[in-house]
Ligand SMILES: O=C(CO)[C@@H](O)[C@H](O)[C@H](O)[C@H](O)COP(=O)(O)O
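Shown next as structure tokens: one chain only, the form predicted on its own.
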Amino acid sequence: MKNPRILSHFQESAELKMISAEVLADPIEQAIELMFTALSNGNKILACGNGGSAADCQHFAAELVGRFERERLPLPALALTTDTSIMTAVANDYSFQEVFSKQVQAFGQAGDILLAITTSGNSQGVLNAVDAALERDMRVIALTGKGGGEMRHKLTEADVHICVPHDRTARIQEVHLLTIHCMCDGIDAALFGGDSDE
């Protein structure tokens, strides 16, 4: 007899992914177009988030700098979650809520993209990074859930909000990962055309 608790996780995840496919396909496509335009113009993508979302940022940056499913030149993406010296210096000298915004101010330029990931939409450090990005005339792609929280009030019409229609953090993170893979695939297809080399 299979463990019903384990089965329920798979069932809930699968059901949410099918619902999300309908709800999120358009904003994911918009996000891909924004990223494609930025990369085509020689701009870069910065990514920030906490905890599991920090890992998602690093995963995304690794897929662009390395590769996703095809051989290609590296693409400029930087996870703002990896430099412990910067993060601890800013957290110590200012506050943890500024560890991402300070990096956006240092590395972000007009035309760049900020990928801001927060399952609740309420992470103050991520929200501060969004403010810094908008001040620098960057565009923002926000991955959230739980209705979008404060993030939904920060974004402009030129930005993209991908809000997973669920309240459970684990399920939201699972859809965020799938969304990241969709974006990586879409960027590759837009930049290089066709299907990936198998």
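Numbering starts at 1 and runs along the sequence shown. This is a predicted model, so every value here is computed, not measured.
The form predicted in complex with the ligand is left out here; the points below concern that form.
Site status: open, since the ligand, placed here by C-alpha superposition from its pose in the predicted bound form, has no atom within 2.4 Å of backbone or C-beta atoms. Site residues S13, L177 and T179 are none of them in contact with the ligand in the predicted bound form, judged by any heavy atom within 4.5 Å. Screening N43, Q58, Q30, Q173 for any heavy atom within 4.5 Å of the ligand in the predicted bound form leaves a single hit, Q173.
The ligand is not drawn, but in the predicted bound form it has a heavy atom within 4.5 Å of S123. None of the heavy atoms of G148 is located within 4.5 Å of the ligand in the predicted bound form. In the predicted bound form, at least one heavy atom of G52 sits within 4.5 Å of the ligand. Segments offered: 129-137, 158-166, 44-52, 66-74. Contacting the ligand in the predicted bound form at heavy atom distances within 4.5 Å is 44-52. Along 83-114, a non-hydrogen atom within 4.5 Å of the ligand in the predicted bound form is carried by no residue at all.
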